[in-house]
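Consider the single chain below, provided in C-alpha cells and representing the form predicted on its own.
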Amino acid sequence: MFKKILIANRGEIALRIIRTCREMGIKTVAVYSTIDKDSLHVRFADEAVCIGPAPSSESYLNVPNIMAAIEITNADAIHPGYGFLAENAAFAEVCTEYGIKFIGPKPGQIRKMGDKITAKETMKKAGVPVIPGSDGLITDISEGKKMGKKMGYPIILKATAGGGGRGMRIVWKESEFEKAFNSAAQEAKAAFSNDGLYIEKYIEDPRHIEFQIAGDRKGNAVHLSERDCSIQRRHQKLVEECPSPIMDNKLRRKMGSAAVKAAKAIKYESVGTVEFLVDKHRNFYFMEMNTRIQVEHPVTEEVMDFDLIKEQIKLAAGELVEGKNYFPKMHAIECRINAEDPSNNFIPSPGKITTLHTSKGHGVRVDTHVYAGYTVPPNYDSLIAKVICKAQTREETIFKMQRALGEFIVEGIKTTIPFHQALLKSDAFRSGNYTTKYLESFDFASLKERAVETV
C-alpha cells in the first residue's frame, strides 16, 4: 500500500480523499494555489505545497509544478480527484515515467474513452448499444448537412474531446446547421484545444442514467448499480439519485451488463462510470465513460455503505475487485449546493461566507470544504457543498432532504438551495416523471432566497 499520496485537486474532493487516506494510515500532501491558502484541504493534509497563483492554468493544471511538489515531498502516488487533470492521459503518462502511481486507469484507457469517436467504436465492437451517428469527425459543413438529412432531424453536434455540455449544439432543422456547427467548433476549440465534432441522432426527452463500475488489473469488473442524473441544466448535473425512479430489475440487469461489457472491453482498472441515455421506450444507448471518480459518487456510497475512494486506492495498489454486481436496497439523493444565484440565470456568487450551518441528523451527509469566514474564490467551479440523504424509500428520502436543506444556512453569498427546495416540492420530481429537459420549463425567476415552507 502507498505511504504518501499527493492530491492534485482542491475543495471538497481533496478533503474527501484526505479523510479516507487518514483512515487507511496513508499520509497526504495537499497542493494549493495562492488564493486557496486558507482552504481546509491545506489545513488537514499532513503536508501542503503552493503550486502557483490563482489561475488554474498556472496552478492545478501546471504539471511541472505538481511534479516538483511530488519530488520535494517524496509522495509515491497521486490522486487527481475529478476535473483538472483527472482524465488527462498525458499527465498519467508523466506520472508513470517518474515512477509515481497515478490513482486511476492507465493512460491508454483514458485515451480510448476520452475521445468520443474512439469510445463509440470501442463500444460498438463490445456489443454495447450506441446512439446512431456519424462514423467519424465531420470536417465539412456540406457533409454534415447531408448526414443530418439522412439521419433525420433533430440531431446533436458534439465535441469529440468534450464534456460538461461544452462544444455541444442541438440542430432542429438543416437551416440551423451551419451556425450551430461553427459555434460548437469554436467553443470546443476554446475549451479542449480540439475543434473536432461528430453527429448523433438527438434522443428527445431522455433520462440520463449512469452506472458505477469498478475494474482491476486482472480484467475483472463489476457494477455498483445506477445513478439517475436527469435533473440537469445545460448538461450540468444538479441532482442525482439511486435507484432511478424509472428502473426495474430487468432494465438494471440489462444496463448493468452493458456497463460491465464496456469496462471489460478496455480492461478498465479503477472506479469509473458508464453513462447512458434512456429513451421513452426504455431503450438505452451508450453516451460516454468517465474514467475518474464522479462528483456524485457519495450517492452510491450511501446506498451501499461503501467507500469508493478507498476502493480506488486499493485497486491502484494492485488489489482485486471483490464481490458481485450490486442491486440497491435503500434510496439516496444528492443535491449539489453551488455558489450561484438560481433566480438570476445561475450567475456565480463568489464572496465571503459570513454564516454557515450545515445539516445534520440520521441519514444526512454533507461533503463540503467551506466554513464561516471562508471566501469562495471566483476562479474555480462554484460547488461549495453536497448534501446527501438516504432512507428506506424515495418518499422518505425526499422528506429528509427537504428537512436537511431547511437547516442548511449560508449567508454572505447566494446559493442554489432555494432551487433545490422548489424542485423537491414539484409534482414532476415527486412522481419521478421527468427527463433531462424538465428544467427548461422550470420557473427559476420565482425563486426567492430562504423562502422555505415547513415540511
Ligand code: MV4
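Just count from 1 along the sequence shown to find any residue number. These figures come from a predicted structure and were not determined experimentally.
What follows is about the form predicted together with the named molecule, which we do not show.
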| property | result |
| --- | --- |
| Contact check for I156, G165 and I203 against the named molecule in the model of the complex, heavy atom at 4.5 Å | yes |
| Contact stretch among 175-183, 368-376, 300-308, 287-295 - heavy atom within 4.5 Å of the named molecule in the model of the complex | 287-295 |
| Heavy atom of R169 within 4.5 Å of the named molecule in the model of the complex | no |
| is_contact(H235, the named molecule) in the model of the complex, heavy atom dist at most 4.5 Å | yes |
| Residue contact check: T436 to the named molecule in the model of the complex, 4.5 Å heavy atom | yes |
| Exercise: H208 in contact with the named molecule in the model of the complex, heavy atom 4.5 Å | yes |
| A75, A258, I131, L315 - the one with a heavy atom within 4.5 Å of the named molecule in the model of the complex | I131 |
| A221, I100, L277, I353 - the one with a heavy atom within 4.5 Å of the named molecule in the model of the complex | L277 |
